[in-house]
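Okay, here we've got a single chain as structure tokens, the form predicted alone, with questions on binding and movement later.
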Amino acid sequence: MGKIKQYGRTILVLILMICCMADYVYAKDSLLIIRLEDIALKQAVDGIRSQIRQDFLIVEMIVNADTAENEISRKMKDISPKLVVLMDNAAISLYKKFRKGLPDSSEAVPSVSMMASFMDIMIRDIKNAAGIFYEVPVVTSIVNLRSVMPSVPLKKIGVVHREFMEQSVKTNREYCKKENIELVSQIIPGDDVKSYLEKALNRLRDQNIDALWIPNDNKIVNASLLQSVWFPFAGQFGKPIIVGVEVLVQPKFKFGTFAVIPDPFELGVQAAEIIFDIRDNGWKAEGRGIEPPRSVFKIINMEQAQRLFRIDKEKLSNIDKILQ
């Protein structure tokens, strides 16, 4: 009996050793996701998890306006991630502050940034970085909008922007030309945004634009300016307004007409593919550039569209969200 017990204990020890060895062999690389608390960002995380949870140990760090860069430093030391995913402009800015505190000789952990405005500008100074644009080219919105509003001429589109967006607007202008659409712009110089904004919008209206495109710039589009400038202008404009976030298409605001935005979950799936590519490239992200989003949602403010414009209801099957 004693020999049997001894034999059993030996087998148990061997099993435990094999399990430990298996855990060692198949230990997962750590991945850190830094983001704000937000439903769309969570959906993007779900998209990432759906693809990589078998290969990576995923750790999320929820940040806010009070989070300091030394908290990022502690988290990085705790988990030693092979790659960092940065979601939203605030998370990217916080990570950049953390990176500035490191010596120049420190290893640049690869990062993938997403769900942020002006991605090319945001990650320009981050080493070993890749990203996905959040902005969808305005021509995509215009082409889809005119398919459901055939009676509305959409040949001349206006945009107001700050100076730093000049190259982005130029790129969008080239895209529009291919669809025989003219993109005219008014630049807001300096910091006196409200004064210049009102003047710029009036100049565009005087140029008889067919629609207005509003990029995602919170210096131009924020709660204060929406109430004091944008909403009053929209009430008098009476033409389609193309925006880049869903909230501004909500009928209660009587503002945005149409939006084409990336699908957050699919953005996560797209980010996961980039993560695998970076891993397979020896954890190097340089040279990848910034990808456009591959999957989008088309959203229309139906209440406004029916009230102001004629809608081809047969084409509404191509619209993902109809808000009334």
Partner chain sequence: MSRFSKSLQIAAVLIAAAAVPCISDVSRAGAETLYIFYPSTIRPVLMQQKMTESCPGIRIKVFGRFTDFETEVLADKPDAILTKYPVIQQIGGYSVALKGSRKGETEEAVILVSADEKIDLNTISSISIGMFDILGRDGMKKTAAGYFSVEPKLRLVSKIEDMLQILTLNMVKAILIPENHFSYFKELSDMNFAVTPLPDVRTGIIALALKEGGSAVLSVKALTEMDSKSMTMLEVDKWEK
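Predicted model, so just to flag it, every value in this text is computed and none were measured. Residue numbers count along the first chain shown, from 1.
Unshown form predicted in complex with the partner chain; subsequent notes refer to it.
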{"property": "Option from 63-71, 270-278, 31-39, 251-259 whose residues, in the predicted complex, bring a heavy atom within 4.5 Å of the partner chain", "result": "270-278"}
{"property": "Heavy atom within 4.5 Å of the partner chain in the predicted complex - the one residue of D120, D217, E246, E179 that qualifies", "result": "E179"}
{"property": "In the predicted complex, the one of I299, A285, V45, V296 near the partner chain [non-hydrogen atom within 4.5 angstroms]", "result": "V296"}
{"property": "Any non-hydrogen atom of R146 within 4.5 angstroms of the partner chain in the predicted complex", "result": "yes"}
{"property": "Contact test in the predicted complex: K155 vs the partner chain, heavy atoms, 4.5 Å", "result": "yes"}
{"property": "is_contact(A116, the partner chain) in the predicted complex, heavy atom dist at most 4.5 Å", "result": "no"}
{"property": "Q324: touches the partner chain in the predicted complex, heavy atom cutoff 4.5 angstroms", "result": "no"}
{"property": "Stretch 112-141: residues contacting the partner chain in the predicted complex, 4.5 Å heavy atom cut-off", "result": "P137, V139, T140"}
